[in-house]
Ligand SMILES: C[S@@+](CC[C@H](N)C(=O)[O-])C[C@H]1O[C@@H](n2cnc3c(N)ncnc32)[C@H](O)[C@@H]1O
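Coming up is one lone chain in structure tokens, specifically the form predicted alone.
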Amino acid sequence: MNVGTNASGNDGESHGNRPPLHLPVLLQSVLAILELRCGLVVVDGTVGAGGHAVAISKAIGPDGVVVGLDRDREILAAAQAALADAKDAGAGASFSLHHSPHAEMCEVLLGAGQPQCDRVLLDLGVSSLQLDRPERGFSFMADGPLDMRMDASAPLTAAQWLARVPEQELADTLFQLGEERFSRRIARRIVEERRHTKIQRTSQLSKLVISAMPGAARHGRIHAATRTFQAVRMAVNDEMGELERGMAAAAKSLKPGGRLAVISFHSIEDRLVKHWMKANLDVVTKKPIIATPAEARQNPRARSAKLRCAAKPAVAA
């Protein structure tokens, strides 16, 4: 669903109060690896609050086009305002934003009057604007409903998934998507608890995970519930399936020679991106690009980010 297009306005016009943009990770590396120039059509398949999209918009200029997609309708308002500011200042591209998963990229492009595009960016994971809102249920740092849906209109919440998933499937999910070595113990503890209590809050799940772990494992370098929350979120949103479908849609949408860049945040995603690109496109980055020490200090989210890029094979002469 299209949620808005750029509107004309006065130069420097204020669009009112809005949440601050989170710092886009690996921004300069993304701009460089995509080899942006004036007039390109670029798809930001995970546009979020618009951090990368605004910089891309300025790089491709008034003759360029940005098509932004996101499963989270709420966050698109921030991207709309930021891209409109760039456009109104005379430095940004035309744009349209769409409440849609990146797997539907081909259909969205056609609807936007662009049969193909020149570049695609996918920035995976959860936005800081989502993590900072307890009512979305992504984080164990503050109590909130156990939701975790990227798309709030999706039918299945994390609480509902945890209430019905079989124990073995839960354990496998925690191990495969969270790389949680205590997956069986945690799954057993959750299933025992749900027999007599509904697990509906982030604080409940966090405490259950910690209680299932050996004492020494409860105080590691990262919070003990991190891997479980990651795995549950990825399962509820089918993030690995969505990633594979999104990359396939990107390959179909790109013109020959066009580039796809993907930023992932953990080894499970990075392995899929690496092998998929090698099998389907011409790899540009033999090794992933990572943050400099300076960026990692400035933006902690960038510490685990890995950027890979590949190009659609050019048409043979």
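Owing to the predicted nature of the structure, the values given are computational and were not obtained by experimental measurement. One-based numbering along the sequence shown.
Beyond the structure shown, there is the form predicted together with the ligand, which is absent from this document and is the topic of what follows.
In summary, among the residues Gln230, Thr173, Ser100, Ser139, the only one with a non-hydrogen atom within 4.5 Å of the ligand in the predicted complex is Ser100. Only one of Asp147, Glu180, Asp85, Asp123 comes within 4.5 Å of the ligand in the predicted complex through a heavy atom, and that residue is Asp123. Taking non-hydrogen atoms only, Ala112 never approaches the ligand to within 4.5 angstroms in the predicted complex. Within this chain, Val47 lines the site of the ligand in the predicted complex, having a heavy atom no more than 4.5 Å away. Contact check for Gly51: a heavy atom falls within 4.5 Å of the ligand in the predicted complex. Shown alone here, Asp118 lies farther than 4.5 Å from the ligand in the predicted complex, counting heavy atoms only. Partner proximity in the predicted complex, defined as non-hydrogen atoms within 4.5 angstroms of the ligand, places exactly one of 100-108, 220-228, 199-207, 180-188 at the interface: 100-108. Along 242-261, one residue reaches a heavy atom to within 4.5 Å of the ligand in the predicted complex: Glu242.
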